[in-house]
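In what follows, one protein chain appears twice in different forms, each by itself as structure tokens: structure 1 and structure 2.
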Structure 1
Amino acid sequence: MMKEELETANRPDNTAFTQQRLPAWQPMLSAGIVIPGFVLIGLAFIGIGVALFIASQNITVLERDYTGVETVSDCYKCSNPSVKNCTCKLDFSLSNLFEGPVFFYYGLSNYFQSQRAYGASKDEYQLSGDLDYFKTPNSACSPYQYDANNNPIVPCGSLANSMFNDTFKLYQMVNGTKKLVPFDGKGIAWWTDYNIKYRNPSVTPLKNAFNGTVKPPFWSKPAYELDTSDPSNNGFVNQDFLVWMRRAALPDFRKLYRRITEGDYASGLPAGNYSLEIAYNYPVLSFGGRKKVVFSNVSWMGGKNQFLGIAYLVVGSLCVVMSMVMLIVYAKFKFPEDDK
């Protein structure tokens, strides 16, 4: 009998993919993986937590509010907005060496740099030195786009306009005399901000670039006079300006003001009495904000933060506890034998 050759033109391909037979790893949440897994993760977390906690404990932080809300505070006199050019001082003493390098921050709270309109109120092109945008700033800068005489504001926008303008000087009281603690204001901004993102227009002198523009209304001096002593710290690449322009994500924030890395203080602030002289310019009380200064040193994991260490410890312990619970449940219920 003739064996009939079957037409098989339409027969689907026999591949692992089309036949859904791709080799695969099929893990299951079995007791053998889950319980030891929990124990291991728990132990690891406890380890990390301890390390973080110790690192955090070793960091010294000195934080002082100088808003001047309390009448006893020296800065109380300055808190009245009608007082101009007010200076106040803040005294503190260190009983031990404040190990260096010490970082000096100013902190603001209840300050909404994270507000969308606030954050958007700037002109990236202007700040990268594009002269076209000196004449016609971004409309997002409004109402700090043009002044009343229709002159363009440079740098425009609320963000730049509201730049923090308190200045600080730290003195150590050595035998009744004030010894100035040298501040290092270089390298406090991101390298990318300083070198790429913000650039002065390539006009010399810088002042000429700003012809026909006006300074932001809150500023006491125009951008090209931010640091007349050092052209590489002037204009849009002024480090304080850069730090301010990197806006904070949360309404309570601190920003690096200066580093104490020089002279006698390179290894830290020795024990003793200190006096911080504050040129109090920046109004925060009107919106219920607070100003503070912070001295801090850092460790491998950054600044002082108790939370991370504690959180690791808690989660690690919970994992261990959970593994116990699961072990008990497992021992009691086992996996049901197959139903047939």
Structure 2
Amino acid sequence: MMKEELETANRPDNTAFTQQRLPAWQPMLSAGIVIPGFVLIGLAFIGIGVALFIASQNITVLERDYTGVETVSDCYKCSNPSVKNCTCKLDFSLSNLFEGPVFFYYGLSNYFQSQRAYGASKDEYQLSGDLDYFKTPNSACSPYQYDANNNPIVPCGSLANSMFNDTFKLYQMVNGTKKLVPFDGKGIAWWTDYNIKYRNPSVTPLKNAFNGTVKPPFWSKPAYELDTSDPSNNGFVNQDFLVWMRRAALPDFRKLYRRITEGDYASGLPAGNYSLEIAYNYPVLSFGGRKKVVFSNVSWMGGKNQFLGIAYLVVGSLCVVMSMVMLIVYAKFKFPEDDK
């Protein structure tokens, strides 16, 4: 009796859902459904591919290498690591309007930001503003955990220490005079990095939070002085710092440096001559790397990316070809049987 009551108590309710009596529909795939389906999918993919490819082709991109390997380059004088505080220039001309908004990137090649130990060399608690980890950084930051005098490094780790530190100023040459092109550096980092992942300590002034600590060895200034023109753009929420800390997946990458969206250049860069002044600080020749600057605009699909459009075209074409193959096979092996 007890056994029957126990089985009744554990028995699922007698409903269509628990007893799996819900109505179900299973498609019956036939040639009349599959072949037109492949054709429609193929045509849709081809249409999207054409739109993506045309949009990509309409995006303007200007790239210039400034590593300084070539002796004719003005940056050649700065490529020697022993040369400090070196400035070089990169001149270029535009024959037509470079439509805006214009995005200005710096690019590095043969630089493996995705290397596991390099990416792990940081202190997440320190970067979230926890003052306890200002005094005792995580051991993962080694060898950039403490300096030679056993002072804690903030921010610690290889990733922060290797932050890109070349700076740029763009001038338009107008009647023999240089006209500064304004850069906009606000909002260039990921929203989640700025608002969630990284935090400054709740200490005012921010400088006091860094008492008893030292800056990373490769940095020329401490974190609380990264942007002297904007007090809110300092510390761990500095836009350039956040962009650098968002690691690239591939060894050849580019990162957003500034936007050109203001004043006389809101609609883009007019045709004419330009000079880019570069404060050359970041060494790359020791590991066979290269440096470049990239000017680009965007479309509704984002930046220039021909691969996406080509991928859609290839897949769409394969679907159409497969539909034709299936139609031939169906006509050859099924039609005679249907006539009987």
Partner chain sequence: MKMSITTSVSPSPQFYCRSAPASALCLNIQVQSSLAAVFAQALCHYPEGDPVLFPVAAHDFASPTPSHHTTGTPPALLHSCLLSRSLRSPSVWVYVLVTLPFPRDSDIILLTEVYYGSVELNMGSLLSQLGLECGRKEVKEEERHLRANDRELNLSYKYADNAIKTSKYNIFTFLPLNLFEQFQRLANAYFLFLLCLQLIPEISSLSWFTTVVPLVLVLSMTMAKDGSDDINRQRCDRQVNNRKVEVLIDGELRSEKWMDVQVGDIIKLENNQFVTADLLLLSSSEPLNLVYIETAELDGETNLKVKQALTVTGELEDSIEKLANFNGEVRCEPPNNRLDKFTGTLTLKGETYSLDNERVLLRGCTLRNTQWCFGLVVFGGPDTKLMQNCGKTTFKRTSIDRLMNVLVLSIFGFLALMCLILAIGNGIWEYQEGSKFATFLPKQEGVNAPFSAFLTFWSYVIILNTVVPISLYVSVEIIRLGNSLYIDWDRKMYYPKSDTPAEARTTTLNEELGQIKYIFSDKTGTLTQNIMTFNKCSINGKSYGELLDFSGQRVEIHEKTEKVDFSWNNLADPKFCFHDHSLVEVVREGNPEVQAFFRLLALCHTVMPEEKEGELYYQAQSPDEGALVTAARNFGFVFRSRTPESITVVEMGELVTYELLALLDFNNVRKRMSVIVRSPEGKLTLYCKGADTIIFERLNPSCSKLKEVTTEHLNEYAGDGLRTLALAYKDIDPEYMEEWKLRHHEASTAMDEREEKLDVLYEEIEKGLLLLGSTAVEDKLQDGVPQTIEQLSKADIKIWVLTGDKQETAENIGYSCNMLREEMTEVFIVSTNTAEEVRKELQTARRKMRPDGPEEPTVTKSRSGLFCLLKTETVADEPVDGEYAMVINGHSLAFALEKDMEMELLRTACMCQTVICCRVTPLQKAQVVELVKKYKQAITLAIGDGANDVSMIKAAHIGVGISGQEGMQAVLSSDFSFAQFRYLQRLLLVHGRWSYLRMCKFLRYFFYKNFTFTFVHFWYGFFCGFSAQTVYDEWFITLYNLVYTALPVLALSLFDQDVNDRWSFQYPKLYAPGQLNQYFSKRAFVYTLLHSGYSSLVLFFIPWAAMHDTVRDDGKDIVDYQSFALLAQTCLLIAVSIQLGLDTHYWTSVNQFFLWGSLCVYFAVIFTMYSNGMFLIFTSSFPFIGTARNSLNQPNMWLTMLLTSILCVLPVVAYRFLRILLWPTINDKVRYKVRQDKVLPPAPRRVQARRTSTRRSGYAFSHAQGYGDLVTSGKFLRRSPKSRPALFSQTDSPLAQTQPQFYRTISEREEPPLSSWD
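For clarity, a rigid core is taken as the largest C-alpha set superposing within 1.5 Å between two forms. All figures in this text were calculated on a predicted structure; none of them were measured in a lab. Quick note, the numbers are simply positions in structure 1, starting from 1.
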- Query: Which of the two shown corresponds to the form predicted in complex with its partner chain?
  - Reply: 1
- Message: Rigid core aligned, does the Cα position of Val284 differ by 2 Å or more between structures 1 and 2?
- Response: no
- Look at Gln57 and decide if its Cα position differs by 2 Å or more between structures 1 and 2 after superposing on the rigid core. no
- Determine whether the C-alpha of Ile33 shifts by 2 Å or more between structures 1 and 2 once the rigid core is superposed. yes
- Message: Fitting the two forms on their rigid core, what distance in Å separates the Cα positions of Pro23 between structures 1 and 2?
- Response: 7.0
